[in-house]
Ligand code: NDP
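Taking the form predicted alone, here's one chain by itself in structure tokens.
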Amino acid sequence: MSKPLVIITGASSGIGAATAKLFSEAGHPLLLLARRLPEMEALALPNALCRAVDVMDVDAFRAAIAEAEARFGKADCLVNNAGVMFCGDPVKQSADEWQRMLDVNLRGLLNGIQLVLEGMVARQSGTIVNIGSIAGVKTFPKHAVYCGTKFAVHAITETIRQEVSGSDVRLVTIAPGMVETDLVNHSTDAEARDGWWEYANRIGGALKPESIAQSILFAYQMPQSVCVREMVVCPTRQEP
């Protein structure tokens, strides 16, 4: 392949699918990972290996990377996009929802980092893009645990970036504000979910996933000697 392999998690919809399309248009072979295989295959992207992998399943994650690298060469970029968000009153929100956010947003992200970082350091090249959030920069009511996971994503990314910078490996945090995806629809708290959409409509709409995909591609396409450490991307009319 003329361009190196890019791995994208959470690639079945939203930011992940939009990023897959954009990197494919830029000529990159892809490893697309998500739990929903038909949605990824429906993208019908050339030179894209699609595998139904939960980022919590580190063995399946590792096997998929090995398969893709055998076909397309070593991974030069990982976009850690898989994540979940459950908005809710902390008095009433279930511990299961808290645990799911901790598992996917943190352990899943760390699994991806661990599986590619050593090889990137050895090759002295590579980029890991972690999808954070405006909720990793400031806090929001009914987002306590989600904010906690995203603050951790920002801290993990920045700390590892410092530790591997001497090996010319880049770690980037892309922190979206309100984005038009089905992420918020997973919330079981109807009041919090409806309030999110009501505010998005009031400010003229949330961002399209394509805007975040463009931000990811911009950071990646900078020279390897340039690291866009963190980018916060929000609708202009979003106040907080």
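Just count from 1 along the sequence shown to find any residue number. None of the values given here were measured: they were computed from a predicted structure.
This protein has a second form, the form predicted together with the named molecule, left out of what is shown; the following refers to that one.
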* Tell me whether 83, 133 and 177, taken together, all sit within 4.5 Å of the named molecule in the model of the complex, counting heavy atoms only. => yes
* Heavy atom within 4.5 Å of the named molecule in the model of the complex - the one residue of 192, 53, 172, 49 that qualifies -> 53
* Contact of residue 13 with the named molecule in the model of the complex (heavy atom, 4.5 Å) -> yes
* Asked: Can residue 101 be called a contact residue for the named molecule in the model of the complex at 4.5 Å between heavy atoms?
  -> no
* Asked: Should residue 181 be counted as a contact of the named molecule in the model of the complex, where contact means heavy atoms within 4.5 Å?
  -> yes
* Taking 4.5 angstroms as the cut-off for heavy atoms, does residue 208 touch the named molecule in the model of the complex? -> no
* **Stretch in contact in the model of the complex with the named molecule, which is absent here, among 24-32, 41-49, 63-71, 183-191 (heavy atoms within 4.5 Å)** => 183-191
* **in the model of the complex, residues of 192-213 near the named molecule [heavy atom within 4.5 Å]** => 196
